[in-house]
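Just one chain is shown here, as structure tokens, and it is the form predicted alone.
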């Protein structure tokens, strides 16, 4: 598995009118090989923007990002991105969706078939190989997306609020699946979420982002045995500490929503999370 080294990274966007808006400012974060790091913060703190930079989907305005000692300049097969929506191909079956990235990588056909079927078995979807995405529940579609992300055996897995749209019961089921599969394959994971308890349940560390612009405020180590129960006393105690650390940042965003002209941020009067 590969380490991620994020050093002094800043990112700004320029509007069509030429206005410069800083989204990330001087972010430095090292992620060890096989480590599971969650990022939490209010809307507008640049969490998803950072994932895009690590994925190579966008370039930093300054600073550097390296994966496995190599500077990121473009997407690469060692990094896999899992989005909030399953983004499955509706015209393909479940099995064909999972096979697709292996075919793109030129994996031999016999190996493709074996790996795709094995991965569907691991996410408990063997009986749905011939189903189309529209025939599945939201949780099942996300399990297909997880299988597709892991079937290429990525060394880095980037996850952008992958369970935000799921109901509470299905989300907890996905947490169990993710913990089990991560413990088996041990990719290096960067996981963005608004749900602090989710971050504590899944992560080795939880990084808190400030907002306007996004900065790294604090990092909490989650020294709790796995697999973790969201109702566990220690999980909830640590989640409470992190929520208290986030309180000022959330209040800052709420104040901007109420009166953007008085935020002192230099941002134009618009939603705090715009373009992020």
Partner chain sequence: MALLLKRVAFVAGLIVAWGLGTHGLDVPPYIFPGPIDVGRNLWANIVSGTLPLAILVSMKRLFIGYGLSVLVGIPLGIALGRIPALSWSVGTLIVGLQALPSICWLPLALLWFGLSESAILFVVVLGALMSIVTATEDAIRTVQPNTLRAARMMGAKGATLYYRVLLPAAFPGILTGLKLGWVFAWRALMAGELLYVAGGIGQYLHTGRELNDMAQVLAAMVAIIALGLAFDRLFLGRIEKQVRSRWGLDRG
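Since the structure is predicted, the reported quantities are computational estimates derived from the model, not experimental observations. Numbering follows the first chain given and starts at 1.
The protein also exists as the form predicted together with the partner chain; that form is not presented, and the subsequent description refers to it.
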Quick one: in the model of the complex, does every one of 182, 191 and 198 get a heavy atom within 4.5 Å of the partner chain? no
Please name which of the stretches 202 to 210, 115 to 123, 97 to 105, 174 to 182 has residues with heavy atoms lying within 4.5 Å of the partner chain in the model of the complex. 97 to 105
In the model of the complex, is there a heavy atom of the partner chain that lies within 4.5 Å of any heavy atom of residue 85, even though the partner is absent here? yes
Contact of residue 55 with the partner chain in the model of the complex (heavy atom, 4.5 Å): yes
Taking any heavy atom pair closer than or equal to 4.5 Å as contact, tell me whether residue 163 reaches the partner chain in the model of the complex. no
Using the partner position in the model of the complex, report whether residue 143 sits within 4.5 Å of the partner chain, counting heavy atoms only. no
Within 128 to 162, which residues come within 4.5 Å of the partner chain in the model of the complex, counting heavy atoms only? 132, 134, 148
